[in-house]
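There is one chain below, alone, in structure tokens, taken in the form predicted alone.
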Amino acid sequence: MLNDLQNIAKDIDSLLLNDPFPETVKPDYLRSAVRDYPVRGGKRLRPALVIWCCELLGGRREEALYPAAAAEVYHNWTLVHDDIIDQDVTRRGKPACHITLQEELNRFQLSPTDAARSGRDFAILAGDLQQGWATDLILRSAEHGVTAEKILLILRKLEQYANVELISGEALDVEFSLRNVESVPETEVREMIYLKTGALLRFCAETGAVIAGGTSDEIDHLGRFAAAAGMAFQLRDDYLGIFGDFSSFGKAIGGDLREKKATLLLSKSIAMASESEKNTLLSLLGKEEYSAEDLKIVREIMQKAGDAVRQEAQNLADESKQILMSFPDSPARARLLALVDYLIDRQI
């Protein structure tokens, strides 16, 4: 699975690096920003999901490549906007898009405040252009064997799963940060997780199935498989955000606590803690820095909830694999099963 994932990543890297869509964007620094995140690399899990679901139903990889690249570009524009919303300054070890643009705009001798605002403004435009780029890639898949009827269906799914559900999930995530964390029930957190993470993966899987000419049942089954896998992935990510090791996880441990994110892990921890434990946990939310002692206390309070979240993630992974087992054995099915294991067992 990992070898083929690397091959897909190389194909996507090459396609995006050489794709003509951004070439006419002006000014030049905005054009560079549009290309930036998509060509930084990454695991390319979403393109792989498109391609492997297509191959699972007997479709051709060549036909799936442009929609797969579109899924990656779409994912990246959401990251550009996420980094603005979350005020993150880095992405994949490099400056975030709005920070790079802020530095570019120093050529206009702006004040630090005006440069920061303009950097955010141009980053929003970069994300908007990336969204258009994703649509353009889907449309140009007509030049690579995908019929107009299938393209129309894929674009309809893009509107449903990405432009409505995913953005709604992001909106709920932002709203939760404005509410008292105790007021956000687990049902709402699960809905947000599906919308923010599972919906785009569902789009990827169903897009691959559409390209292959799958039946409505096959398309739906693969959509449910991907949605469950996506939720398992997010629960694993939330777990690692507290119980992971920084050297392998690659992100600051305790970041969700600092941002007071309403994760399922936090919601369960509050519900399962004693009154004194709950008060201690709430007092530790929103700190700028977390010492080793802080994290030790948090982990002790969250341990039972952590075990429950790990089990729920495993149950979702098992559900997604069970759906896959209803399809005939093939190399594509083996890769998709291995992908689920990778998502749930990963340390990074």
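Start at 1 and count along the sequence shown; that's the residue number. These numbers were taken from a predicted model, which means no experiment stands behind them.
The protein also exists as the form predicted in complex with a further copy of the same chain; that form is not presented, and the subsequent description refers to it.
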query: Which of 127-135, 261-269, 237-245, 197-205 lines the interface with a further copy of the same chain in the predicted bound form (heavy atom within 4.5 Å); finding: 127-135
query: Contact test in the predicted bound form: Val89 vs a further copy of the same chain, heavy atoms, 4.5 Å; finding: no
query: Exercise: Leu295 in contact with a further copy of the same chain in the predicted bound form, heavy atom 4.5 Å; finding: no
query: Phe233 within 4.5 Å of a further copy of the same chain in the predicted bound form, heavy atoms; finding: no
query: Contact of Trp77 with a further copy of the same chain in the predicted bound form (heavy atom, 4.5 Å); finding: yes
query: Residues Ala212, Gln314 and Tyr342 all lining a further copy of the same chain in the predicted bound form, heavy atom within 4.5 Å; finding: no
query: In the predicted bound form, the residue from Leu282, Ala308, Leu30, Val39 that sits within 4.5 Å of a further copy of the same chain by heavy atoms; finding: Leu30
query: Contact residue in the predicted bound form, from Asp220, Glu277, Glu191, Glu103 (heavy atom within 4.5 Å of a further copy of the same chain); finding: Glu191
query: Partner contacts for 172-206, taking a further copy of the same chain in the predicted bound form and a 4.5 Å heavy atom cut-off; finding: Leu172, Val174, Glu175, Leu178, Arg179, Glu191
